[in-house]
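Only one chain is shown below, in structure tokens, and it's the form predicted on its own.
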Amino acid sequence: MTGVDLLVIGIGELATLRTGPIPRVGSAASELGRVQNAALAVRNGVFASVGPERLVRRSVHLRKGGTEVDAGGGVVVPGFVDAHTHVLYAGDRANELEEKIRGATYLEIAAAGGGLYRTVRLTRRATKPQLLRETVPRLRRMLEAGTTTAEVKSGYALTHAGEIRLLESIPLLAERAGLDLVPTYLGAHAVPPERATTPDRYVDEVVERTIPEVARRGLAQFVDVFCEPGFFTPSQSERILRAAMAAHLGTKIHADEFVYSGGAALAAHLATHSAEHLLTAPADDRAKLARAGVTAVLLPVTPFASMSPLQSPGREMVDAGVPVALGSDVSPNSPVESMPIVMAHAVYSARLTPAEALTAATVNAAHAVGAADRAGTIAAGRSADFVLFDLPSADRIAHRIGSLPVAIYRRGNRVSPTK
């Protein structure tokens, strides 16, 4: 029998997500690997045994000083993976809410110097301690809602030195907040205001200076670009993404968010790791994404927070055979920090089933951020990140809008809520 540090018994339903292809596509996205009357055991931060309680009890024993927890018939799922965040920034834009209520669009607010450009000004002025002081609490609130792994994009400095500074901060954020963080370089979030008349010069800097340094220093796992009218053209976006590929970095693209730009088609053409937003991507481009195996990272809270009439095409993407992942898009424009809320929006507005939403927030999201080898599933030998809900089944997490976890464990240690 294996000695373990943690034994969780009394699990009414355990959703392991451990069997099947990665990422899950089509009907496979509904297969959660459910185990009824289950238990799990953790040794040295990884799952040692997972399955029916009677079998787990036969295979392990608690080490001296170990802990046994009774889940009380609740449901256990993998720690959530947030596949798209802009959580690293200074200041906020709460003052713009009334402008949106009165009908101003994201693009109109940005064109007037607000929106993203306001955050850029505040982030550029912020000291590193201030950035950490403001960002760590956001990440901890994400953790308290069950997120144990999250992608973090740069993108609110829009200068070489500023973007490098943001990326350098991410390991320290991970240490202080207690999450696994995947860094993405998004220097091509927007054209800096001082480069408004020479955008190609800024693209030159991104391609020739910043991407090589990011790759050389290992500061990011992915490079992202905002391909949208008013931001970066498809040709500029392709140049940036090809530079990332040449530097052996993964590629992502903000595509077809507000208006159709051809960004999803470009993602399929380049076989990027993921394409994100996709509110206006047409059926032909969804088919191209499916053929290319590009994961669609959908952000169903974003149009809600932007007061847009658009909705994330969740049902359309699944039915087209596109692998679907979910992200919060947590940012000054979309202040949502709870993946269960994101999952509920994925069900009620994007029309995923509750099972598909859970898949999209775990194993498929882990794939979308290059973390499928360590996150998104519950299986022996994997990092022991899991979430306990006082609910009768995994389907109820997305069904109940704003579900709250009873407990969150990261690497086998209870991290929230505190005892």
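No experiment lies behind these values; they were computed from the predicted model shown. Residues carry their position along the shown sequence, with the first being 1.
The form predicted in complex with a further copy of the same chain exists for this protein as well; it is not shown, and the discussion that follows is about that form.
- Here the marked residues 203, 225 and 256 all miss a further copy of the same chain in the predicted complex; none has a heavy atom within 4.5 angstroms.
- A residue is said to contact a partner when one of its heavy atoms sits within 4.5 Å of a partner heavy atom; residue 32 fails this definition for a further copy of the same chain in the predicted complex, lying far away.
- In the predicted complex, a further copy of the same chain lies farther than 4.5 Å from every heavy atom of residue 157.
- Using a 4.5 angstroms threshold between heavy atoms, residue 277 stays clear of a further copy of the same chain in the predicted complex.
- a further copy of the same chain is not drawn, but in the predicted complex it has a heavy atom within 4.5 Å of residue 348.
- A heavy atom within 4.5 Å of a further copy of the same chain in the predicted complex is found for exactly one of 171, 193, 103, 73: 103.
- This chain is displayed alone, yet in the predicted complex one of 132, 305, 290, 107 has a heavy atom within 4.5 Å of a further copy of the same chain; that residue is 305.
- Listed stretches are 162-170, 339-347, 210-218, 109-117; the contact stretch with a further copy of the same chain in the predicted complex is 339-347, by a heavy atom cutoff of 4.5 Å.
- Along 92-108, a non-hydrogen atom within 4.5 Å of a further copy of the same chain in the predicted complex is carried by 92, 94, 97, 98, 100, 101, 103, in order along the sequence.
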